[in-house]
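We begin with a single chain expressed as structure tokens, specifically the form predicted on its own.
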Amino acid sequence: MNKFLQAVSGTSRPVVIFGASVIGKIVLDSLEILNIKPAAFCDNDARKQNEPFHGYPVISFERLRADYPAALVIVAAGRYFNEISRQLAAAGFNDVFSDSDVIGCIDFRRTPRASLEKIMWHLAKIGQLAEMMEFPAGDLHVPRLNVVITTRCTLKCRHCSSLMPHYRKPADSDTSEVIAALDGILSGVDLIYHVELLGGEPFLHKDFAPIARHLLDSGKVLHLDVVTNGTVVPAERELESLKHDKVSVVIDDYGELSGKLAPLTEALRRHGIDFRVNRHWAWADLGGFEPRRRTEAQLKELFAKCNFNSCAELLDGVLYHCPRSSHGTKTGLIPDYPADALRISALGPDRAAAQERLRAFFLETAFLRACDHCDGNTSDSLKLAPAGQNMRGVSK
């Protein structure tokens, strides 16, 4: 029997989810499938303790210790799992589980697909979608695709991983060109698990909503996140077009810099749009852009452990493997390495040939030459204060 199911069966001990964010919502939806109701969420971020998360209270670690000392705790924190597990162990919590422990309790063959819709993209991401669906041999599934629609931003973050302050003339991407490039990709892939619509600040692009709908209407996207910094509230008609069960708005909360956070969340609630607020405690220090002169073996090792290695990004009709590579190349901070990227217009009309080139790009890349100009995004590189602004100020 699964260790979480064994622990929860026949007991009245409360269940607490540690992490009021995207993975916490996945755990909540998974528990609902299992007919298990958690007592609360817990989060170390004091800002998240001010309001409920999907109808559940968000408590501090101190309250967790005081109110639920015997709780079964599910850590839903992604890359911070080990750190939080150590925090819990030091406080005497012995029954600690992961999101995978909970998902592993689900009988995919007997659970109606409608009940699995909310977590389907996450099942795909962790490799369990095949347990509930059969796919034709040779299908090309892409775990994640970032789509950059503008390099304009309302903030000038010094350590922006997408290098927005380095653009001399930030601009919106041409809508027809974005859609043409997306069609080129969509014609060659069978399923994309997770798409992020990005900037800059994507809400600055007048056509962010039609681009989002185009992706959803393709029928090949399991989930779409629109990532914003909480400084722009779109018009009512634009928000209404985002109301879709496969769409979430992800708000990166940078405190006072995210000056429209309250009216934005209110507008999203009013339109019934799923959203989540992320409070970053640290950004990765990727280092400068000078070459490190790494060997091919060293480049492969860095690429394998980097959190960006699955962040394929579409920028101005070209596919790159990460934001550092795409924006670094675009701004001239990193040399243009042709082997690191794939121009969509070069795929050609032959679907089989295009699919093989896309398959090689998404699934078979072992390293990038651009990795020689970066220290990688790993758990060890989380050292920088988020969203520190450049001295030249903030553009509105």
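This structure is a prediction, so every number in the text was calculated from the model and none was measured. One-based numbering along the sequence shown.
Only in words, not in the display: the form predicted in complex with a small molecule, which the text now covers.
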property: Residue contact check: E201 to the small molecule in the predicted complex, 4.5 Å heavy atom; result: yes
property: Interface membership of H159, the small molecule in the predicted complex, 4.5 Å heavy atom rule; result: yes
property: Residue contact check: V227 to the small molecule in the predicted complex, 4.5 Å heavy atom; result: yes
property: Exercise: W283 in contact with the small molecule in the predicted complex, heavy atom 4.5 Å; result: yes
property: Proximity to the small molecule in the predicted complex (heavy atom, within 4.5 Å), stretch among 191 to 199, 105 to 113, 91 to 99, 262 to 270; result: 191 to 199
property: Interface residue in the predicted complex among Y254, F275, Y167, F81, criterion: non-hydrogen atom within 4.5 angstroms of the small molecule; result: Y254
property: Residue among I149, L319, C153, I185 with a heavy atom within 4.5 Å of the small molecule in the predicted complex; result: C153
